[in-house]
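As a starting point, one isolated chain is supplied in C-alpha cells, in the form predicted alone.
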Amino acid sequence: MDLAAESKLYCDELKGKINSYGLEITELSTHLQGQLVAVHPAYDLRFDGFAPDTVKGNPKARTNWAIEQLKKAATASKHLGLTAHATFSGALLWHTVYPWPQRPQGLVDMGFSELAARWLPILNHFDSCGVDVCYEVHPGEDLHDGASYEMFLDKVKGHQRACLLYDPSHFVLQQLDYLQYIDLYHERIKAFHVKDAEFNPTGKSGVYGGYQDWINRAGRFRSLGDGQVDFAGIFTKLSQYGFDGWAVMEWECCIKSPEQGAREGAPFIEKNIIEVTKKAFDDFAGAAVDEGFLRKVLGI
C-alpha cells in the first residue's frame, strides 16, 4: 500500500503486468482497515488481529493507522486509474442493534456524529483523488441497511463520495427488499458484489442464527445460482439505471468448494449481463409527427 500510494510508476508497472494476462483490476478493498476506523471496545481483542503489531492494544493508534491506510488506498486507486473503492464503515453502535436495556436518547445521534467525524477527512481525501468510497452495507457495521446509511449520509452532509457497494446477499439475510433498495439508492451505487444467499427460517432459528455454524443457520451464503437471490431482477434494475461498474463475483458458501464456485460463477455473471437496447421495441410502428398529425389523432 505504501509503495502504491507513493509511486505511480509502480502502479503503472503493476497494472501493465496484470493487463498482459488479459486481466483488469476492478477496485481496491480496505474492508479490514475500514472496520478499524471505528471499533467499540467490546470488540478490541478480536479486531486487533486485523492490525499490525505496532498498534495492537492501543485503540487510538489503531484508528489513526486505519485512517491513514484508507487515505493511502485513495491515492493508490488514483494511481491505478480506479474510480471506486470497497470498504466497511466500522461500528460504534452495533452492540445496540437489538437493545436491552433500551438505547438512551441521543446515543444513536452521537454515534453517527462520531463516525462521520472519523470518516470526513477520509472522504475529502478520496474526493481529491476522484475516487468514490463504496461502503459495503453489512451486518456488523453501523452502515448495515438503508436507514443507517441515510443517518450517516446526513451527518457527512450528503458527501458526494459517500457511496455504496451493492451486495444483495446481506439483504437476504436481513429480509430487506434488495430490489427496491436499488430504486432508492441507485445514484449512490458505484460497486457491485455478485453473491448469492438463502433464508430458510425454521422453528429453531431465524435471522439471528442461534449461534450456530453457517451450515446450520437459516440464513446462509451460497455459490452463484444455488441461492434465492433474483439476479435477473437485479441486473435489470442496474441496467435500467445505467450502472456502468464491474460485476464482481464474491464467493462464500458453506457447502460448495471455491474452485467449483469460480468455474460456475463467471459464466453465471456473463449470462446475466444485459446489453442495453438503444431503441424502443415498437419504434417500427412510429410515424412522422407534427402538430397537425397529433390534432388528427385526438380528433380536434
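All residue numbers refer to positions in the sequence shown, first residue = 1. A quick note: this is a predicted structure, and the numbers were derived from the prediction, not measured.
What comes next is about the form predicted in complex with another copy of the chain, which does not appear here.
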ask   = Among 114-122, 77-85, 127-135, 154-162, which stretch sits within 4.5 Å of another copy of the chain in the predicted complex, heavy atoms only?
value = 114-122
ask   = Can all three of K17, F192 and F243 be found with a heavy atom no more than 4.5 Å from another copy of the chain in the predicted complex?
value = no
task = With heavy atoms only and a cut-off of 4.5 Å, decide whether V229 touches another copy of the chain in the predicted complex.
result = no
message = Test of understanding: in the predicted complex, would E68 fall inside 4.5 Å of another copy of the chain by heavy atoms?
response = no
key: Interface membership of E187, another copy of the chain in the predicted complex, 4.5 Å heavy atom rule   = no
inquiry  = Is L32 near another copy of the chain? Define near as a heavy atom within 4.5 Å, in the predicted complex.
reply    = yes
query = Even though the chain is shown alone, can you say which residues of 202-222 have a heavy atom within 4.5 Å of another copy of the chain in the predicted complex?
reply = T202, G203, K204, S205, G206, V207, Y208, G209, G210, Y211, Q212, D213, W214, I215, N216, R217, R220, F221, R222
